[in-house]
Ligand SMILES: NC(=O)c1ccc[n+]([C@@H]2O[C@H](COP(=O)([O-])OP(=O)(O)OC[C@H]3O[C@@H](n4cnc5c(N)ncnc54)[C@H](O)[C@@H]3O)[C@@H](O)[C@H]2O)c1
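This document opens with one chain alone, in structure tokens, the form predicted on its own.
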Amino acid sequence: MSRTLTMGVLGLGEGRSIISAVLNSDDWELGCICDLNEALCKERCREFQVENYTTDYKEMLADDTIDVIGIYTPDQLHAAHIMMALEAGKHVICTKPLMVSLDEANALLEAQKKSDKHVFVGQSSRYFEPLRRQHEDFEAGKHGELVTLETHYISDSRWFLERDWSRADGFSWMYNFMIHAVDLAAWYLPDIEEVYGAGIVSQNTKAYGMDVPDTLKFLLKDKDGKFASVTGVYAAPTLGSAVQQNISCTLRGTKGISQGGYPKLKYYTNFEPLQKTAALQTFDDLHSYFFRFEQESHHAGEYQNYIEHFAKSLQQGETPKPDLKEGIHTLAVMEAMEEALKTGQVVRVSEVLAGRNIHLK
């Protein structure tokens, strides 16, 4: 029997979208919202006409009416906030990236096992309509056997470098941006084993006094030899999303091909019987569902799709995906990518995991 789940939201910047998602879903109710910034708490209360907020995360965790904690805090705090939620007996939905390193992976795996609660990674791109439809078509066999795929996240995001916090030690275009494209590749190649890549730091990034690769390309190969190319460009001009989607995934199969992306609600397919030109499906009627705030800056519809997936999975006794183990494997792929950039060599994901004594099977 289904029941409504109650979410507590931690972090009210990006958390703005998840609040909207919860309030518009029949599967969810909003419990408490929480942020260290009390002024932001009050702003969100006014915006969404809610009352229950706190600046103390422990107070929210002590609330027995809350089933799930939605974590939308700065990336480097995710591991600690997930751990606290699990120890409090709460399910967790955490925005990407799950963590910024694998340092806490084993501790989280142990805490998750002990709590018997679910940890779900909010990889929102999977839940944007064109990419969601693409996966449905893949699962239905319309592509035939997968031959290869290409993903990218390309965005002129030099504005990001104007923020003081982005220039702090540890900033990475890979973890803040490229992880969307990596996750899409891992969705279709869940057993990525070998990683090779190259990256450069453009003069545009060096102008900010930073030495962080902003232009990257990788080949990710699975245990069967299938591979994905993953591209990221973040500090150079783009053609604009009308010409080249910011995020894109192209699946090439023995029977057909498709391409979905973000932010345009367009989906291109060429399935049997094959045509010379791909067919185009548009979902413009869903624009207001996905983009609820100014200038398409928040895409709350994706968040609503994934929290409803989470709720339905629990109702059906299934594990919501991507789960903790899948999230950790993706981080191992990311760590292998970083090592490949440093060494110029092929790096094996299994060796990254073994070096950390992480066991995901």
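All residue numbers refer to positions in the sequence shown, first residue = 1. A quick note: this is a predicted structure, and the numbers were derived from the prediction, not measured.
What comes next is about the form predicted together with the named molecule, which does not appear here.
Interface residue among G122, G261, G197, G232 relative to the named molecule in the predicted complex, by the heavy atom within 4.5 Å criterion: G122.
The contact with the named molecule in the predicted complex, taken as any heavy atom within 4.5 Å, belongs to L12 out of L12, V352, M337, A21. Stretch 34 to 42 is the answer when you ask which of 328 to 336, 310 to 318, 61 to 69, 34 to 42 has residues with heavy atoms within 4.5 Å of the named molecule in the predicted complex. Contact between P130 and the named molecule in the predicted complex is not found at the 4.5 Å heavy atom cutoff. Using a 4.5 angstroms limit between non-hydrogen atoms, P97 touches the named molecule in the predicted complex.
Using a 4.5 angstroms threshold between heavy atoms, R252 stays clear of the named molecule in the predicted complex. Proximity of L77 to the named molecule in the predicted complex falls within the 4.5 Å heavy atom cutoff.
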